[in-house]
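So this first bit is one chain, no partners, the form predicted on its own, shown in structure tokens.
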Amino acid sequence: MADQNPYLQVKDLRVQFKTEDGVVKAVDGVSFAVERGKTLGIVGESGSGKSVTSLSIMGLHNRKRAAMTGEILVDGRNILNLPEEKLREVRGQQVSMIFQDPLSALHPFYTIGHQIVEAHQVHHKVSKKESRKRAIEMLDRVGIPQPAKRADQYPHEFSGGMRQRAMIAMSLVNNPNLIIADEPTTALDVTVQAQILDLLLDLQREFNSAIIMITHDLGVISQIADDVLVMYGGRAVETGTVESVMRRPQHPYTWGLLSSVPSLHGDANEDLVPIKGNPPSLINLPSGCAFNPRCRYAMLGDGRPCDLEIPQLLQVQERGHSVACHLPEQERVQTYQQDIAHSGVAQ
């Protein structure tokens, strides 16, 4: 799913939080990689571990609360155990993040320009005048009209789409090599969402940045990503190129995500098929495959250990495509094709 020298490599990442009710296994052995100029989409329902993974890469977890193991290699350097001062050098300079809600991420008491200037001066020993010039350039680059004037306005004076553009300007002001976008278009209408995604792709081509797009929306992933990682219950259940996972999905959870997305080519009157049940508690995960209580294919056949053994993430016949499921590959392919024929699952 990546070349031999990806800019980011996450290896067997595990993140746990101790609570009064027990240990939350938020991320449980996740591995992936992304190279510069490419986009990895991480998809899954709330509670799947997507955002915890992204915050780990940014080094934003409280280390007194979060127990983290594994490796997070940024340009070959493991940042997982770096001291906070070294992490600050990485954060914003090499790796930057676009948050889901810019109104919460942006400080309401300071102007947009002031906040971008501050983000720039943290990593560059330049005058405030030079940093302001850079801030105005970035606001202009992300499509904000009258950038010099808007730089002196406050977040509440911006629309939702313009706040998100300002957030992107702030995240790119130091030319980071990796951008993590955590649900950046969730609160925006469809037209603005498309504009933001186009903007990210344009900026990626300009700066050759690696992008991690975190979302629950497979439609967004299909538009912007090269590769996709599907998470459930803190684990990776399917990985591969967008084309292989979208067109030839192998995991029942991925089938469920696809069947709950409306299709432009399907019957307009066709009902969407939601995944039954709710995501599991990360304190009390089901035994075996975490998806088995919601999976209509669990325990098919003789002796299948869906409720006993955690399935390993194994490569299927198609190169670069892996899945963690006890169903044999041939049976998975046949089952999915039958489901498409009978229920009109979106392709």
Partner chain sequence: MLRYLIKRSLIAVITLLMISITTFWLFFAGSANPAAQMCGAKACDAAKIERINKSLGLKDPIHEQYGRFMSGIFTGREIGEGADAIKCPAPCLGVSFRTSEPVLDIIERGLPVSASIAVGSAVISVLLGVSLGIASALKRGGWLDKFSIGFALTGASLQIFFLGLLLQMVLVYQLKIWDRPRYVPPSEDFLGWLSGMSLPWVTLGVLSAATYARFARAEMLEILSEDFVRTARAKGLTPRAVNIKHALRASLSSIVTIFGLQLGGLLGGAAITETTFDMPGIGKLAVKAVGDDNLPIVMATVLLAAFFVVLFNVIVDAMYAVIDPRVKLS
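A quick note: this is a predicted structure, and the numbers were derived from the prediction, not measured. Positions refer to the first chain, counted from 1.
Omitted from view is the form predicted in complex with its partner chain, to which the following refers.
Undergrad: Can we say A194, H216 and I224 each have a non-hydrogen atom within 4.5 Å of its partner chain in the model of the complex?
TA: No, none of the three is in contact.
Undergrad: Counting non-hydrogen atoms within 4.5 angstroms of its partner chain in the model of the complex, say which of L200, L257, A119, V220 makes the cut.
TA: None of the others qualify; the residue that does is A119.
Undergrad: Of these, C295, M58, V43, L282, which has a heavy atom no more than 4.5 Å from its partner chain in the model of the complex?
TA: Exactly one residue meets the criterion: M58.
Undergrad: Evaluate S104 for contact with its partner chain in the model of the complex, applying a 4.5 angstroms cut-off between non-hydrogen atoms, and reply yes or no.
TA: Answer yes; at least one heavy atom of S104 falls within 4.5 Å of its partner chain in the model of the complex.
Undergrad: Does its partner chain get within 4.5 angstroms of any non-hydrogen atom of S209 in the model of the complex?
TA: Contact check for S209: no, nothing within 4.5 Å of its partner chain in the model of the complex.
Undergrad: Do P108 and its partner chain share at least one heavy atom pair within 4.5 Å in the model of the complex?
TA: Flag for P108 set to yes.
Undergrad: Would G92 count as a contact of its partner chain in the model of the complex, using a 4.5 angstroms cut-off between non-hydrogen atoms?
TA: Residue-level check for G92: yes, a contact with its partner chain.
Undergrad: Spot the stretch among 162 to 170, 240 to 248, 131 to 139, 70 to 78 with residues whose non-hydrogen atoms come within 4.5 Å of its partner chain in the model of the complex.
TA: Selected range: 162 to 170.
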